[in-house]
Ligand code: NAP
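Form predicted alone, single chain, as structure tokens, below.
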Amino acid sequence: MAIATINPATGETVKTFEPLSNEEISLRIEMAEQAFTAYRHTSFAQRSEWLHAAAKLLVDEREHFGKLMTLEMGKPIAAAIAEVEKSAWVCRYYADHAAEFLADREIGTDASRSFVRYQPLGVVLAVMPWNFPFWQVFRFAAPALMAGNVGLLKHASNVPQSALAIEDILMRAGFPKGSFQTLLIGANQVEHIINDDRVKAATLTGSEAAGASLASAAGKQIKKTVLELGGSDPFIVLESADLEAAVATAVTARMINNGQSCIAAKRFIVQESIADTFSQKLVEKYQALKVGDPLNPETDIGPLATPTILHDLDAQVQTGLREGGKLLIGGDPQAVPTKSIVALQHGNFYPPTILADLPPESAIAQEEFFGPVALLFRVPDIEAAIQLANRTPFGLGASAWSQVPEEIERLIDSIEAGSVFINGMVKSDPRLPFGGIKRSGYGRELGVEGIREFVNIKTVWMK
């Protein structure tokens, strides 16, 4: 895949880049290793000052960075600006709390003193996706840099300008040269980096295939990895739920980032007694969504990031129809209103779509739909809802709606996922650990758990 900015709303190639050679990569790794020898000894106070400066740059220039994201991957402009602001939040959070999270932890034993010390590992490779070009990177960079590590970023090939902008922000904020570098490289060059002894660990957010590839390469080198992969998150609505709130949240939860989010609600599992009402209200809200130019503040849904994603999503919908699903709305990319606008005729637009009554045992019902397509299932009771929710290889997040305490406890205890949100939308928050189980990955980002993933947890015992 070429490293290029291709406007997904128009199909226009804006700018292309030459990937680094293996020799150039080696020089960048050497720079990172040299930077680490000094950077690891900087104080938490100094790192905090630099990270706060980065947060200020993000906020001050949020409209510029938001437009850059929209140009590269099609996120509606309001959401893009909000993403920049959220990235500033995670910077401030770790700038304020890292010293506390990584302070020596005293433990009483038979020693005169015994404690745990948290120390940085060194050079950490981050392989990041295009769907949240700033947030995904900063939620790695903020804790990694505050822990004393240095970072190498291999960003998705369709957001190179966002990747370069992030390095520039951190350098302008005062971080030392080499402490965070963007590598414009192809996916086929990642293993070369993993195999380098100077690189100590890696993290990846992306597809199952990409995660398996990186984990395999790192495993051969006995290197720590954290993976945040796909999801087919359930959104369970039981009879006792606040139906109006559930429907309103359902639309936002599915359509976030044009439906291209690992933690977007993808499977709506609704109790039979309220399913007709829920379905009708959901269709009505889908009909009101505006698909169009992502730079227009009134647009709800912009284009998908690439033509391949558009093609694959439509193929999934057609497969679902052949396997017994029923369209309630959407399903025809040629019917999107943007096709009548000359400038947008070649954009990667897909209409808001609801596919109902798909047989739960069908193969397509186990897949992740990465776009504005919702799957709607009916179940008789809470037990059937939990069983269906767990009937995928994924386990990232889940949203469940009930006002009965016993049902809520049953949902929390039984849903197989890295997070369960009751009467609310699944979202990431710097204060809470984030990650999945099963084929959704392992390890955690964010919270105190996230900053401790890439440190040496050193036991110290003194006689």
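A residue's number is simply how far along the shown sequence it sits, counting from 1. All values derive from a computational prediction rather than experimental measurement.
Although not depicted, the form predicted together with the ligand is the subject of the following passage.
Residue contact with the ligand in the model of the complex: Ala82 places no heavy atom within 4.5 Å of it. For Tyr350, no non-hydrogen atom is located within 4.5 Å of the ligand in the model of the complex, even though that partner is not displayed. Looking at Pro303, you'd find every heavy atom of it more than 4.5 angstroms from the ligand in the model of the complex. Put simply, Thr182 is far from the ligand in the model of the complex: not one heavy atom of it is within 4.5 Å.
Of the candidates Leu229, Leu375, Leu145, Ile236, Leu229 is the one whose heavy atoms come within 4.5 Å of the ligand in the model of the complex; the others do not.
Residue in contact with the ligand in the model of the complex (any heavy atom within 4.5 Å), chosen from Gly206, Gly151, Gly292, Gly330: Gly206. Judged by heavy atoms within 4.5 Å of the ligand in the model of the complex, the contact stretch among the candidates 155-163, 174-182, 267-275, 103-111 is 155-163. In the model of the complex, no residue of the candidate spot (Ala365, Leu388 and Ile412) has a heavy atom lying within 4.5 Å of the ligand. Applying a 4.5 Å heavy atom cutoff to the ligand in the model of the complex picks out Leu396 as the lone residue from 391-414.
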